[in-house]
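In structure tokens, one chain follows: the form predicted alone.
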Amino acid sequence: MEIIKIIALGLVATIFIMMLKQYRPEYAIYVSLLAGAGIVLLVMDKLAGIINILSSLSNKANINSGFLGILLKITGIAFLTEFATSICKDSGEIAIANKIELGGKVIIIGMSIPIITALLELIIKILP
């Protein structure tokens, strides 16, 4: 099971970070980054499968593939923003973490404009 590997990696990294913080706290952030990257690599196969399923479903339902691409990009931005924010908060840089969150939100809103526009156009067509 993949979740066992993810949990094991996370727990081992956490224990290692706790030990490192006592003697060499400057290296703890590097271990955190490596553990995060390792976990992302472990879930990449599952993520590729999910993308393939969503793509085939959108083709069957005749949904604009551009919209699916936008939604996948937005999801990726949300994941990356959360990852970066967590790293910053773990490092004690809460102000930077908040700015990253703000940047991610603004980019997500900007990217969602075509979907919102299409939805509003559809609503206008339906209303008399």
Partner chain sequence: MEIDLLFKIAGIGIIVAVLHQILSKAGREDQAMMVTLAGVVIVLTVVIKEISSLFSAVRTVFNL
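Note that the coordinates shown come from a computational prediction; the quantities given were computed from them, not determined experimentally. Residue numbers count along the first chain shown, from 1.
The next section is about a form of this same protein that is not shown, the form predicted together with the partner chain.
Asker: Mind checking whether each of Gly103, Ile116 and Leu119 has a heavy atom within 4.5 Å of the partner chain in the model of the complex?
Answerer: No, none of the three is in contact.
Asker: May I ask you to choose, among Ile63, Leu54, Leu72, Ile96, the residue with a heavy atom within 4.5 Å of the partner chain in the model of the complex?
Answerer: Looking at Ile63, Leu54, Leu72, Ile96 one by one, just Leu72 meets the 4.5 Å heavy-atom criterion.
Asker: Given that the partner is absent here, does Phe67 sit within 4.5 Å of the partner chain in the model of the complex, heavy atoms only?
Answerer: Outside the cut-off, so no.
Asker: Taking the partner chain as it sits in the model of the complex, is Gly76 near enough to touch it, meaning that at least one heavy atom pair lies within 4.5 angstroms?
Answerer: Heavy-atom contact with the partner chain at 4.5 Å: present for Gly76.
Asker: Give a yes or no for Met19: in the model of the complex, does one of its heavy atoms lie within 4.5 Å of a heavy atom belonging to the partner chain?
Answerer: Met19 belongs to the contact set for the partner chain.
Asker: With the partner left out here, check for me: in the model of the complex, does some heavy atom of Ala35 sit within 4.5 Å of the partner chain?
Answerer: Result yes; Ala35 sits at the interface with the partner chain in the model of the complex.
Asker: Select from 93-109 the residues with a non-hydrogen atom within 4.5 Å of the partner chain in the model of the complex and write them out in sequence order.
Answerer: Contacts from 93-109: none.
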